[in-house]
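One chain comes next, on its own, written out as structure tokens in the form predicted alone.
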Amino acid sequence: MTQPDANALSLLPTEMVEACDDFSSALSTCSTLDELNRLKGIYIGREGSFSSRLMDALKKAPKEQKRNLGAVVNGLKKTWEDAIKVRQSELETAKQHLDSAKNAWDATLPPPTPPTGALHPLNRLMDRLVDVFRPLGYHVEEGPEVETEEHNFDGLNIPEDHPARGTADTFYLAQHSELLLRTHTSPVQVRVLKRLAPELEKKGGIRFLAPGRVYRKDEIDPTHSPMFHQVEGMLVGKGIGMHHLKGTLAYAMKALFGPEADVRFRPSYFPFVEPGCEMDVHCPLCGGSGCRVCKGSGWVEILGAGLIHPNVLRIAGIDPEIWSGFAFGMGVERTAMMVSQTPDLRLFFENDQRFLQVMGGLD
């Protein structure tokens, strides 16, 4: 790029001379069109640029210097404009080559594989739980997530003064006060019992699982969410006792966590079972030696269970003198957190693909 005569440059203010000296190096460092456009604005833009300031200097110059100074100013502007056009052409050509290379198709390469989707870790765990019980003859039943008090509470022997029936714990629909978002999947059990009660003798009993979403008024934190998932199970037959429940759940935990899994049962109270219990499993992460997940105890609470309360059978139209059964329910998120050592429940709902990819190995 041709530079103006040194004598001519002496007519310019010092800052203009420095700008002229810096132009070549500044131009060579422009590697993108955006950078070049910024440089163009600095040197030959309409207002505030070196070009406009050169014109101001020309206007203020003495009359006898205007002719020589005008030639210098015009020469500098043309030099800058020509150099910027050349650099712009080079950058545009380079961009075209790069785009062409990116879009080039090589017939010898295999076709690109589109990204594939996968089941969410929680859905995968629910499917895994269903697979554990299928060999025992359990099938899946589903029900609505918007329920009535009759199915969500009354049919489960939950008294009217029970705290769970209050608006502080349960989401009621404002326009329909008798409707609510189910607080557990147990209403599915009530519906199935009522539907199959007339066929119970013919079928010889029933056994099924009820997986799905449930809702409670919990504050969102690392271990709570107003929406979560449960898998509940129920078996009704003749002569069913606690030994059937314990044997079934012990088998399920070994199928879920491995043959070394051990379980224990502790008495507990639930309105819809009598007697009721909670089941713990030997911590699958530390093998019972004690860790952060089991809080050093070696055991992790995994589910609640018990023999179906006679009132639940009566409400469904089933004679508790002839029929009996057991029911159990477990939280999917709690189990997933325990198996994967996930410290925060919210990670399952934030749709971070990095987390979901890692959790792809949940089972």
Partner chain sequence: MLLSLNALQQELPAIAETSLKDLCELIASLGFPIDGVEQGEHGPVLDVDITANRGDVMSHRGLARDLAAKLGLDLSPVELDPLEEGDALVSVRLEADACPLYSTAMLTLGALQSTPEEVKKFLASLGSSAKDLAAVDASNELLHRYGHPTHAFDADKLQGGIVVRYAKAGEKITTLDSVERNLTEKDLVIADDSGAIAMAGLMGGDSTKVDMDTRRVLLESAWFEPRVVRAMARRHGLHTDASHRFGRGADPSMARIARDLLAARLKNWAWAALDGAWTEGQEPAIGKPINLTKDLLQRIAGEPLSIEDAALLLNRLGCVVEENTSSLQAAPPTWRHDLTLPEDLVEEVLRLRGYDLIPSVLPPVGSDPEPLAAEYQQRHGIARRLASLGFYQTVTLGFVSPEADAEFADTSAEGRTLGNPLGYEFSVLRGSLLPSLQHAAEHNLRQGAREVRLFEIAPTFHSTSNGPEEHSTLSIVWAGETGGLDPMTSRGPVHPAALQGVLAALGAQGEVRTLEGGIQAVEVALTDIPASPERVIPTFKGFSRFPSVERDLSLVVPLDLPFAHLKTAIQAAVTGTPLQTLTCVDIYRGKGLPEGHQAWLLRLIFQGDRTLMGEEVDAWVASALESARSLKAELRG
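What you see is a predicted model, and the numbers here were worked out from it, not measured in a lab. Residue numbers count along the first chain shown, from 1.
From this point on, the text means the form predicted together with its partner chain, which you will not see here.
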Would you mind picking the one in V132, A261, V146, C286 that has a heavy atom within 4.5 Å of its partner chain in the predicted complex? V146
Could you work out which of K95, K203, R292, K78 is the residue within 4.5 angstroms of its partner chain in the predicted complex, going by heavy atoms? K203
Counting only non-hydrogen atoms and a 4.5 angstroms cut-off, does F257 reach its partner chain in the predicted complex? no
Residue contact check: E142 to its partner chain in the predicted complex, 4.5 Å heavy atom: yes
Can you work out whether V73 and its partner chain are in contact in the predicted complex, taking contact to mean some heavy atom pair no more than 4.5 Å apart? no
K40 versus its partner chain, in the predicted complex: is there a non-hydrogen atom within 4.5 Å? no
Applying a 4.5 angstroms cut-off on non-hydrogen atoms, the residues of 205-225 near its partner chain in the predicted complex are G205, I206, R207, R213, Y215, K217, D218, E219, I220, S225
